[in-house]
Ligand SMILES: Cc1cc2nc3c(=O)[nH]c(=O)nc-3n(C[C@H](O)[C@H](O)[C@H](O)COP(=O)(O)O)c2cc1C
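For reference, the chain that follows is the form predicted on its own, supplied as structure tokens.
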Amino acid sequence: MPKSKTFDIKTFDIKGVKVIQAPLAGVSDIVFRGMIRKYGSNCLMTTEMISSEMLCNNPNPRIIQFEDFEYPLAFQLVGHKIDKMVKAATILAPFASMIDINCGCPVKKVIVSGDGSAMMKTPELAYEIVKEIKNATNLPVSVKFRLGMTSDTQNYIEFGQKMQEAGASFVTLHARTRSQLYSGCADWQKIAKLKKELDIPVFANGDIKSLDDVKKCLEITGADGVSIGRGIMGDFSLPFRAQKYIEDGIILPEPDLKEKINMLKEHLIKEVDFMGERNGVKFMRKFYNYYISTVRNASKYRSALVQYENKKEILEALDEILSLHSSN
């Protein structure tokens, strides 16, 4: 539900942002974001992708679940119609630390309508959307985009320059093309090239799955910070550890197996409480690979875990995994 009136949005300062929790559709729900806060991070949180069309058809921010503990909180909008994007942004403005524009989603059902990464084919339209939202809300506006639609049509530098001209406070570059989806490797060198061309902050996104990745990515890109998505799946401590490294040069250890299993158990319990047992158990199936990836015969355990229908069975199986592998 919407935050209480106790939060003062004016306290948000984008200059202090070094780590962003990247939105992951169907993953980074309010429980996911709450777990990030529990493990110490005060990174910039981002909602899941919000359809401007949907919000305009049902102009009630209560359909988007968020709480006080999440702030600072960016609301990510997707769409290509200027009037709908501006209207959706104004609906969210009273609750938002900032608005993030999605010009990077590569999913077919999103781009066929001209949304997400398809916006990279129409930089002038993206320019107008950013400019109009900034004028209408007086909030910081950021833009997340990719290298381009294909390897032959990479226009990320021109697109980033256009977003800067429109008044974007910062941009986030996922260093893959739309046609790559999430395959191959993110090309961090391209982020470095964009950074050299812009005056506004540039955040690096793509293949940041560990503290070593954070270090290497920043060394290569010179980016102002990192935006972490899938790297958080299975390790809610990563945003906090990334912050400690960037801000203080402190390298904190990765959670061991016991810590990860306990993290998974808590995540499961909270999702079941939030969604109900049937939906919560089904929702959690996408996470097991990330939590137990370092365990010997992980695929065998994952295959078993996704078959369970109730929380009790899963918790017992996780205890068994831990007892068998805790000394390894």
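Given the structure is predicted, the values throughout are model-derived calculations rather than measurements. Numbering starts at 1 and runs along the sequence shown.
Another form, the form predicted together with the ligand, is not on view; read the next lines as being about it.
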{"item": "Interface segment, criterion being heavy atoms within 4.5 Å of the ligand in the predicted bound form, picked from 130-138, 246-254, 198-206, 152-160", "value": "198-206"}
{"item": "The ligand: the contacting residue among T221, S117, Q76, S142 in the predicted bound form [heavy atom, 4.5 Å]", "value": "Q76"}
{"item": "A242, V171, I228, M85 - the one with a heavy atom within 4.5 Å of the ligand in the predicted bound form", "value": "I228"}
{"item": "Close approach of S237 to the ligand in the predicted bound form, 4.5 Å, heavy atom", "value": "no"}
{"item": "4.5 angstroms heavy atom contact with the ligand in the predicted bound form for V306", "value": "no"}
{"item": "The ligand contact in the predicted bound form: M49, any heavy atom under 4.5 Å", "value": "yes"}
{"item": "Contact test in the predicted bound form: N102 vs the ligand, heavy atoms, 4.5 Å", "value": "yes"}
{"item": "In the predicted bound form, residues of 21-45 near the ligand [heavy atom within 4.5 Å]", "value": "A22, P23, L24, A25, V27"}
